[in-house]
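Okay, so here's just one chain, in structure tokens, the form predicted on its own.
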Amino acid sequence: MGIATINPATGETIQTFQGLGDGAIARAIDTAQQSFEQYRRTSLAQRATWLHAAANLLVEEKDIFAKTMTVEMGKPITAAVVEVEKCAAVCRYYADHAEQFLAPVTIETDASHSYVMYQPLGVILAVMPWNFPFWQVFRFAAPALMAGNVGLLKHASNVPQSALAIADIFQRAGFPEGAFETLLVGADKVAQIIADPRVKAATLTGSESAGASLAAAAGTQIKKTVLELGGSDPFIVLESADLETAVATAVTARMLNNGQSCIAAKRFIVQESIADAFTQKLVEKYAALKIGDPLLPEVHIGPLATPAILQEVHQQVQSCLAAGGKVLIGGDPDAVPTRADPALSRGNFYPPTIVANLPHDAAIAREEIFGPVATLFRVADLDAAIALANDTTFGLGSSAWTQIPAERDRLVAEIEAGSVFINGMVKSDPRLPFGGIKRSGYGRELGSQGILEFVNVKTVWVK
């Protein structure tokens, strides 16, 4: 499998990389294991010092790292800068709170002293996606390193420069050699790495198929995994909602990262009584979005990450039309419309698109569309909104808009998802656990729960 930086805005190949062979992989795992034997004995204070140093590097060089991301996968440069800053924040959060999260917990029993302590597992493999090339890695690495584990990163093959930059940050921050390493390998090497007895667990953010493959490989080795997979997040707008704020947030929630986010709002479920007004305002805001070179700060929408993703999104819109949907703005039924714009003809651009009138029971209505395409549904009432929101195999995030407390309480209790945001956009926050249910995965990242995913929860009983 090719490992290369290919600018998705121009199609230009910037740099290609040779993947590691079996011998180099084995040596990297050996280095990680040797590092762990020493690193696990370092103090939390020392780890925190190194992690704060990593945060400082991220802030000092954020413009460089942001450009790397934008050139590799196409996110708007302003969003890329914010992503780097968020990585610094998660480093500082765990540097400051890990001691509290990992403190032994005394439990009264028939022993003289009984307690629970938390110890690191060892070498953890992280299989990470391209859509948030820095954030996805740092939200794993910060808690894992503070817990005393060491990390091996197998990043997506289209963001190798981001992967190498992250390993370099940890090295320059002072972490010991082997505490965090990047492996430039294809997906075909993952099972081999998992099978190595020195690798104790794995985490993956990505597609359902990738998650199932990793979980199967880890399962044969009886090794723990944490999976954060796809989502088809509902964005419910009820009659009492603040319509202006809901519409403005809806645009941001769908267009985040050019629409390539697992927790992006994808299915807009609107109460019939306000559906016309919501739709009109949403179309107007979509029409104002600027699509183009993501390195320009005024651009809202850049290219999709690869030609394959562009083609898949186009085919999914075609499927919406075949099922009876109607495009209100954006995607053309016959061809990708941005091909008509010479300035965008070489890149993987797809216009912001809204599809309405899609039958609720259409297969495509339940799929995840990983691009700037919103599907719009009308429902009679709260009961219908909740039923449609839950009519999916996914259960990652959800956003709902209402000013009525009774409606809020039902939405919080009844929506099947790892998170429910009321009158706000779904987002990840270092202070809150993040993850999904159903086919969106299992386990949690972030918060106090995230740092405890890859530790030995050891019971100690003394008499």
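Residue positions are given as counts along the sequence shown, with the first one as 1. Everything numeric in this text was worked out from a predicted model, so none of it was measured.
What comes next is about the form predicted together with a small molecule, which does not appear here.
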query: Segment assignment from 129 to 137, 274 to 282, 89 to 97, 76 to 84: heavy atom within 4.5 Å of the small molecule in the model of the complex; finding: 129 to 137
query: Contact label in the model of the complex: residue 229 to the small molecule, heavy atom within 4.5 Å; finding: yes
query: Residue contact check: residue 206 to the small molecule in the model of the complex, 4.5 Å heavy atom; finding: yes
query: 4.5 angstroms heavy atom contact with the small molecule in the model of the complex for residue 36; finding: no
query: In the model of the complex, residue 254 touching the small molecule (heavy atom, 4.5 Å); finding: no
query: Output flag, 157, 262 and 368 jointly within 4.5 Å of the small molecule in the model of the complex, heavy atom basis; finding: yes
query: Listed residue that, although the small molecule is not shown, lies within 4.5 Å of it in the model of the complex (heavy atoms), from 187, 384, 165, 248; finding: 187
query: Partner-contacting position among 50, 434, 421, 65 - heavy atom within 4.5 Å of the small molecule in the model of the complex; finding: 434
